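Okay, so here's just one chain, in structure tokens, the form predicted on its own.
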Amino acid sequence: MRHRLALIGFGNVGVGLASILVEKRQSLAREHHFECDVVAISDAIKGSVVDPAGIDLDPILQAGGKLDTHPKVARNIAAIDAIKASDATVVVEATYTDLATGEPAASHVRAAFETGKHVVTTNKGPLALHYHELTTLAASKGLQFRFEGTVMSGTPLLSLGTRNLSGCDISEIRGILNGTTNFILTEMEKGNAYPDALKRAQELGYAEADPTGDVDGHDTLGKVLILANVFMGGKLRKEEISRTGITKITSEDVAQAAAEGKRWKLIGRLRRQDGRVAGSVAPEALSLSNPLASVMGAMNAAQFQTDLLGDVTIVGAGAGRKETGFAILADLLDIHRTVARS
């Protein structure tokens, strides 16, 4: 079948996916029998385009992802209306993350399911706050709900745990789940003070102008919630996870850890404890013998503690336009294979 996509949110991630779909159009058709048309694009800033005949992505990409010159662009079509109005088979939800409410992304996902559309999302909010509701809704409609890109971007952490480690009992998950903080700590180990390391991260685009979400551990906490939901059946609330960021780590702390053969990392952790799931986000001085200690720069990594394989570690990129676009593509191909078999 030929898939029809609605792209909701057309910032870095949405544009990254569009670039991949254009660049790999022929190889996807040849090697995976995957073909698609983008029939809707909606972005809170750029506007919306809905065209059942399919949207030509080439001129949009040549314009840097702007929709202004498209003849059907409209400013008065909300994303949720674009979802309902389009005849898409799959909605790709890539709007901004709100870990307080999960909105507007959660409403976008609900609207897609209610109108019979599969969903792929990179948005942490719906998964962290509404996972059980949304997965139940998808199942009741016989629809696919995919979200590989919500944790570690294009690195297939969720696929590893749900597929390759199926059959194992996972007792603990721990990882470096935020590239910004890992980059800052790496820079501090090179001798840079925290303010200088943060400034460098901002210059390179790893940190936002307001870095609070990263450096205070909120981003990592959202990912810990997702991992709890997906792997441990957890129904944790944000308030139940202790959270400490990296802002109080000093150059002296970094030097002392190095003298002891250790290295600071911001670790998101989940463990089964006394019949319940417990989570935390906090800096830890890891021994250099720990595989996580060798993960430097903006890279991410996670370890699964299992009963049959012991510790299994995965390392890879945790952010990036094309990396996250790839995660969406992988989910789209999963949906394609699943639908083709049914």
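When you see a residue number, it is the position in the sequence shown, counting from 1. Here the structure is a predicted model, which is why all the values come from computation and not from measurement.
The same protein also has a form predicted in complex with a further copy of the same chain, omitted here; what follows describes it.
Participant: Residues Arg174, Ala257 and Gln305 are flagged as a possible site; in the predicted complex, is every one of them within 4.5 Å of a further copy of the same chain by some non-hydrogen atom?
Facilitator: Negative, none of the three is within 4.5 Å.
Participant: Want to guess which of 273-281, 66-74, 42-50, 288-296 is within 4.5 Å of a further copy of the same chain in the predicted complex, heavy atoms only?
Facilitator: Checking each option against the 4.5 Å cut-off leaves 288-296.
Participant: Since only the chain is shown here, I'm wondering whether Leu329 would be in contact with a further copy of the same chain in the predicted complex (any heavy atom pair within 4.5 Å).
Facilitator: Judged by the heavy-atom cut-off of 4.5 Å, Leu329 is in contact with a further copy of the same chain in the predicted complex.
Participant: Is there a heavy atom of Asn192 lying 4.5 Å or less from a heavy atom of a further copy of the same chain in the predicted complex?
Facilitator: Output for Asn192 is no: heavy atoms all beyond 4.5 Å of a further copy of the same chain.
Participant: Can any non-hydrogen atom of Thr89 be found within 4.5 angstroms of a further copy of the same chain in the predicted complex?
Facilitator: The answer is no: Thr89 has no heavy atom within 4.5 Å of a further copy of the same chain.
Participant: Decide whether Arg2 counts as a contact residue for a further copy of the same chain in the predicted complex under a heavy atom distance cut-off of 4.5 Å.
Facilitator: No.
Participant: So which bits of 305-330 sit within 4.5 Å of a further copy of the same chain in the predicted complex, heavy atoms only?
Facilitator: Asp307, Leu308, Leu309, Asp311, Val312, Thr313, Ile314, Val315, Gly316, Ala317, Lys322, Glu323, Phe326, Leu329, Ala330 sit within 4.5 Å of the partner.
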